[in-house]
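This document opens with one chain alone, in structure tokens, the form predicted alone.
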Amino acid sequence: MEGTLMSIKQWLEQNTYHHDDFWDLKKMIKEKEKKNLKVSLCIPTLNEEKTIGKEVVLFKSELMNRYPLLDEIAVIDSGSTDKTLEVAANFGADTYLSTEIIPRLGIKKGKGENLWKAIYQLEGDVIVYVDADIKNIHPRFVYGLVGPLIYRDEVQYVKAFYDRPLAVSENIRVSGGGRVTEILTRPIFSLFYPELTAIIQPLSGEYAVRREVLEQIPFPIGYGVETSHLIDVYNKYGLEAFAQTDLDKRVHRNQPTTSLGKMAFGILQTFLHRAEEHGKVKVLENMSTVLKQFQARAEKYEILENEIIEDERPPMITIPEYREKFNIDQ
């Protein structure tokens, strides 16, 4: 969907929120119950024992027990070797191994795989995704994203944005963060999908989406999942389907530049495939999937080769087990 009924300026004015807009949780819950909505929280994990307990305790105590906004809290795990699942279960989360969800489909590793499997495993009409490594976790990371979906039926997909100080050793270094966004994603969106530049932090790991949207789109299993979501939802529904909420501050782990390079490489693969499908670019045949990086050891430079293949899962609506579970006509 190339054009939308909104300009970027108009969209920013009407579809950009601050979490304080949704401070009245009793009012929100009343509206949720009036519309008979279920809300599920998915926390994808891989070796997050240090932070997962705090997240589960906070969300369960504040958004299930005190204010019943959430109907379920689930951890979908990629195969942690630490005590992530044990800690999460002890504090009251439902815990699942990604490999045990729809086992017929085999094993694929990646955060996107966990997000996709959550559509099958969870029951909510709205699914909220929150990363497991947030050091300053707060209920706003959920209610700030769910709010626009509860109050506005036309909104389908809500992204988070925030200040992103980076945790470096014991100190907090204030930074704009979003390095891959500003160096890669925003430039390519500006070139090929200008309206998507209205999304302030397109790669944020926190977002809330209606089930009927999630089940209709494919999921890259790796780094490209957020980029593909934005392009696919935009192409199907237009800019007006999106909203975004300012969550103030998110403190998280700093990643080295080499890791960001791998992320960018995966995102670029996903972007090029989508742009080719939409007739915007012509991708070369036999495009390389090997990222070459360098590291210095003494006086020599060594080449590091990483094969990164952005494999995808199909729309969940096409999976027989899903259609059977949710009584979708064959």
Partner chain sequence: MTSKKNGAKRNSEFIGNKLPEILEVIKSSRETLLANLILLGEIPAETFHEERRNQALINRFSELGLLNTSIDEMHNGVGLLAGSEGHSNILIVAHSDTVFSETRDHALTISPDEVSGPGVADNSLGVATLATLPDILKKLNIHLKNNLILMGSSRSLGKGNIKGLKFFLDNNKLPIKAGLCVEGVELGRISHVSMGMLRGEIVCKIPAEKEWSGFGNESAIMTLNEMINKINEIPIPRKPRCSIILGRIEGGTDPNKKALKAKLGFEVRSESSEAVEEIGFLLEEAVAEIRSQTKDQITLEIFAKRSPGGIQFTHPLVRNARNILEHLDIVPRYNPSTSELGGLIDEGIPALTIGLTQSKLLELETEVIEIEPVYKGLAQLVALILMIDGGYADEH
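Just so we're clear, the structure is a prediction, and the values are computed from it rather than from any experiment. Numbering follows the first chain given and starts at 1.
What follows is about the form predicted in complex with the partner chain, which we do not show.
Only one listed stretch (212-220, 106-114, 185-193, 128-136) carries heavy atoms within 4.5 Å of the partner chain in the predicted complex, and that stretch is 128-136. Out of the listed residues Lys280, Lys35, Lys50, Lys38, Lys50 is the one that sits within 4.5 Å of the partner chain in the predicted complex by at least one heavy atom. Though the partner chain is absent from this view, in the predicted complex it lies within 4.5 Å of a heavy atom of just one residue from Val87, Ala243, Val146, Leu122, which is Val87. At a distance of at most 4.5 angstroms from the partner chain in the predicted complex, none of the three residues Asp94, Tyr96 and Ile101 contributes a non-hydrogen atom. A residue is said to contact a partner when one of its heavy atoms sits within 4.5 Å of a partner heavy atom; Met263 fails this definition for the partner chain in the predicted complex, lying far away. The partner chain in the predicted complex is not approached by Tyr301, whose heavy atoms all lie more than 4.5 angstroms from it. Shown alone here, Ser61 lies within 4.5 Å of the partner chain in the predicted complex, counting heavy atoms only. The partner chain is not drawn, but in the predicted complex it has a heavy atom within 4.5 Å of Lys54.
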